[in-house]
Structures are given as C-alpha cells and as structure tokens.
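Single chain ahead, written as structure tokens, the form predicted on its own.
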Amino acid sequence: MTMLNSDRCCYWNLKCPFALGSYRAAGSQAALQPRIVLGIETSCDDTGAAVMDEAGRILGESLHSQKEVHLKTGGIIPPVAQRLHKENIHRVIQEALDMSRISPSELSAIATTIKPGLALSLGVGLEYTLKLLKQYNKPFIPIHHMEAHALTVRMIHPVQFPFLVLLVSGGHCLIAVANGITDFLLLGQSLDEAPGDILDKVARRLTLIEHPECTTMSGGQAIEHLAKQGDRMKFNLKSPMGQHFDCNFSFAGLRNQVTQIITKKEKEEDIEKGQILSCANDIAAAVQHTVASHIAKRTHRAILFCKMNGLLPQNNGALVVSGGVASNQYIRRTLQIVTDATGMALLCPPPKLCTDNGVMIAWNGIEKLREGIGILHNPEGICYEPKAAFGADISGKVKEAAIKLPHLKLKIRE
C-alpha cells in the first residue's frame, strides 16, 4: 500500500490477498442468482447512485446535481461540494435501492469512485461506502473515475477491445487506447487546463449567467447555446500547439487570448466588467470552434499513430468520446469529420451518461465483477486518491513519431 503525501490517501493493491478471483465462485447458490452491483459516485459535484444487474440492466438510479449552487458562486468550492454530498448521499443511495427493490443484503458488491477527483468529495463517498461494507459484509470494487467514463459506451454499444477513447470534461482531457477493462495506453493529455474548464471560465468572464437566455445553464452550455447565433470568423484565435506534433492538449493560452479580447472589447464598447458585450455570441462561437478544432486535430493524429503502429483494427475501428464536454454537439460534429476521413466509427454515450453519474460506476463494477478483477473482500486500508495516473503513458512515442496531419477542412454548418 503506497501512501501519498497529501490528503492522507492511499492506493489499493489488486494483487493483495483480499482480492477475489471470481465472486461467482464464492458458492453454488450465489452462482444461480444474477449478480447485482450498487455504484456510488461523488468525485466532484454530482452525488450519484445506481443499482445494476450483471446483464447491464439499470434497476434503480438517483442523481443529485449541485449545478445551481455552484452557478451562483461562479465555480465549484470544494468544502461546499463536500457539504452537499454529505447532505444528499444517504437519500440518493436509498432512492436507487428503493427503485430497484433490492435490499443491501442482496447486493453482490459495492463499487465506488475513489480516484481521481476532489479530495473532500471523494472522501464522502468512500466513508459512506465503508459503513455499508461493514454493515452488510459485501465485497468492494474501487473504481477509477476516468476508466468508468471510458467504458460507459459498452453499456449501449457492443464495442470490442481495442478502441480509441477520448475523455473530455471540466477536469480532464486525454486520449488513450482501451485494450481491456483496466488496460489503457495513454497517447496524450492536457498539459494545463481542461476544455470544460476553459469554456466555464470564458462564460464567467463574459458574465453569461446574467444573459437572459443562459441564467440556468452551466458555462459550457451557455457557450454552446450562444455560439449558434454567433460568427466565429469575427475573431481570429490562434489554435494551440500548432507546432507540437504530438497528442497532448493545451487550453491555457487560448483562455489568455480570449481574456485579452474581452478586455479590449469592454473598453471599445465603454462598458464595465460584468455587463454583457454586444459581441458575446461571436466570442462564444470563436472559442467553441477553436476548442473543437484543437481536440479534433490531436485526435486525428492519435488515430493515424494507432493505425501506423497496429494499435487499432485497420478496419471498423471505433473512437469513443465521453465526459461532460462530449455532450457538446459542435465538438461531436467536428470529431465526426475526423472519423469519417479516417474510416472510424464515432460512438458517444447519451448526454445523461456523459456527465458524472452512478450508472457508469455500477457498470464498471459489473465489468470488473464479470472478469473477477479488482474485487476486494477486505477494504481495510482503502483510501481515496485525488490524483491518479491513467494507463501506461506512451505519449513520448507519439511525439517521436512527429506525425504531420493532412489537411482536413473542419467546417461545421449550424
């Protein structure tokens, strides 16, 4: 067990003597019954729970979103998120169980996100889980949040390994090859901010919460909505990392460009910070296109690298896109241009499963239960891990390949 220097977190050892081989083998009576998993998610600002059977049927689910609270404060404040998780976790889990008509004693295992995420939020979910495990004597399946996002699509589509997965959210941006339930090759990741984060920050800088059409929307939703009415050509934003021939992402420089433009336009229109610019729609359109274009280009290079190195099937390969930003239809259509040009299928979970939820955690638990991996019979010593690696990092090899992209016109018609 490896202790981290902060947040008193540790990592579980999947080879420890407490790991079960296959829970199905625990007894012939248990083998006759369909196995059922309770999934619990509290990695950020959504409290989610779901009950799922071995066939992938959702028996019950519940979700409490903190969006309205955090919209008022202009961002997620970890202690506030922690308090709201504590206030709602019991109710959310009970609602999922009640809907499923499954009692905790009938569960085969409990799966909970323990990494990565906000330390205070992860702690709430793990603490509650440990109480349930002790009370009902159930096996524990610790879940990696990003792995759960990556595999959610397998609930809906019979996607076979290997496939390419792009995870884009408010806290993450990475692209990897999924070779198995816990087997990933990381091709690239954000070097600074995440795409959802920059969209939220631009929305706050534009004060879109005060826009009459956007008062109940998150920052990313407001940008997407207003961009439909804007002209992206009004502002010439430089695409990030144009001279870096790898698959890493960067969004901090783009945010700085936009901040400078907003400040300049405020002076030109003689308005104070906090008022809505007349060109807000155009700025939204330019930012959204630049983010989408950057993501698409890095994904294009990842596909070419994988095909050159035999990491994906030459025919009928799949690109899976998940995470909160995957709900953005403009970004999806931009990626569709890339997959059409490279002979790949573009697969995305439904929008409600792209954001954080208990269903994806329960599903990841089911997949691990089927394979008999990552299942702990004794959770003693388990801790959350706010920062966690994702797969084996081969981004250096991508950089060495220095693949230059063929021209691809990323033109989207609204």
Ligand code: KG4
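Each residue number is its position in the shown sequence, starting from 1. The shown structure was predicted, so the numbers you read here are calculated from the model rather than taken from an experiment.
Missing here is the form predicted together with this ligand; even so, the following discussion is about that form.
This ligand contact in the model of the complex: residue 321, any heavy atom under 4.5 Å: Residue-level check for residue 321: no, no contact with this ligand.
This ligand contact at residue 221 in the model of the complex, heavy atom, 4.5 Å: Heavy-atom contact with this ligand at 4.5 Å: present for residue 221.
Partner contact for residue 246 in the model of the complex: this ligand, 4.5 angstroms, heavy atom: Looking in the model of the complex, residue contacts with this ligand do not include residue 246, since no heavy atom lies within 4.5 Å.
This ligand contact at residue 290 in the model of the complex, heavy atom, 4.5 Å: Output for residue 290 is no: heavy atoms all beyond 4.5 Å of this ligand.
Selected contact from 154, 297, 145, 138, since only one has a non-hydrogen atom within 4.5 angstroms of this ligand in the model of the complex: After the contact test, the surviving option is 145.
Heavy atom within 4.5 Å of this ligand in the model of the complex - residue from 328, 129, 100, 88: Residue within 4.5 Å of the partner: 328.
Partner-facing stretch of 53 to 61, 371 to 379, 385 to 393, 352 to 360, counted where any non-hydrogen atom is within 4.5 angstroms of this ligand in the model of the complex: Looking at the partner contacts, the answer comes out as 352 to 360.
In the model of the complex, residues of 157 to 177 near this ligand [heavy atom within 4.5 Å]: Those in contact are 169, 170, 171.
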